[in-house]
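Coming up is one lone chain in structure tokens, specifically the form predicted alone.
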């Protein structure tokens, strides 16, 4: 089912009486990056995905977004759909949103799944990279930015393993509105550091990271998982930063096992 909630395009699959799970996509992608996970989970869980403000089919506006606004958007979906303690699954920028949402109001959620993300805010080098990305879009256009950024999100051998998927995602990213993409970059620049809050997370937590993730390497994700009490870390083989797309069957099995164990 397709819905519009707080100017966001929201998608639901499965029986709404089942336990809910909400998926938050990464940058500069859209809700479809979770299609394989939703297909695997929809028979037993109520799956909710959405396009983050400025990306996909959601409202773009002036592009002046903040990470806090992204969190408020997430809360608005939970409230409108009356989701009872959903599992929250976020990748990369979606993980930033998830960590901040849990830090602010953990009681809203039942469990947490963090994929290829980090708790640290941008350091000066990171801020400069995002600023340069905004400038590249302004000067050279969205396609030039995507051609430079997206390949680094995938395993070096992705073209050999699944070039059809890779090219589809690459082309989808090039259709994103430049204002929305720049707005997301600004939002990531604005985010708070949630590292000190990790030790206070009491939710059951699964942490997934691609073995060849160059953006949030396994070493970094291991440190993140170690700081969350009881968190389970899983390294995803044959994957870079985009684990749900690069090795969906493996990721699906780990998420399903994690959720099933919570039901016992």
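Numbering follows the first chain given and starts at 1. This structure is a prediction, so every number in the text was calculated from the model and none was measured.
Only in words, not in the display: the form predicted in complex with ligand MLT, which the text now covers.
Q | Partner-contacting position among 102, 188, 173, 78 - heavy atom within 4.5 Å of ligand MLT in the model of the complex | A | Going through each option in turn, the one that passes is 188.
Q: Decide whether residue 45 counts as a contact residue for ligand MLT in the model of the complex under a heavy atom distance cut-off of 4.5 Å.
A: No.
Q. How about residue 149: is it within 4.5 Å of ligand MLT in the model of the complex, going by heavy atoms?
A. Looking in the model of the complex, residue contacts with ligand MLT include residue 149, since a heavy atom lies within 4.5 Å.
Q) According to a 4.5 angstroms non-hydrogen atom cut-off, is residue 27 in contact with ligand MLT in the model of the complex? A) Close contact exists here: in the model of the complex, residue 27 approaches ligand MLT to within 4.5 Å, heavy atoms only.
Q: Would you please decide whether residue 136 lies within 4.5 angstroms of ligand MLT in the model of the complex, comparing each non-hydrogen atom pair?
A: Flag for residue 136 set to no.
Q.
Given the stretches 173-181, 84-92, 104-112, 157-165, which is the single one in contact with ligand MLT in the model of the complex, using a heavy atom cutoff of 4.5 Å?
A. Going through the listed ranges, the match is 84-92.
Q: Scan 115-132 and note down the residues that get a heavy atom within 4.5 Å of ligand MLT in the model of the complex; none is a fine answer too.
A: Residue within 4.5 Å: 130 only.
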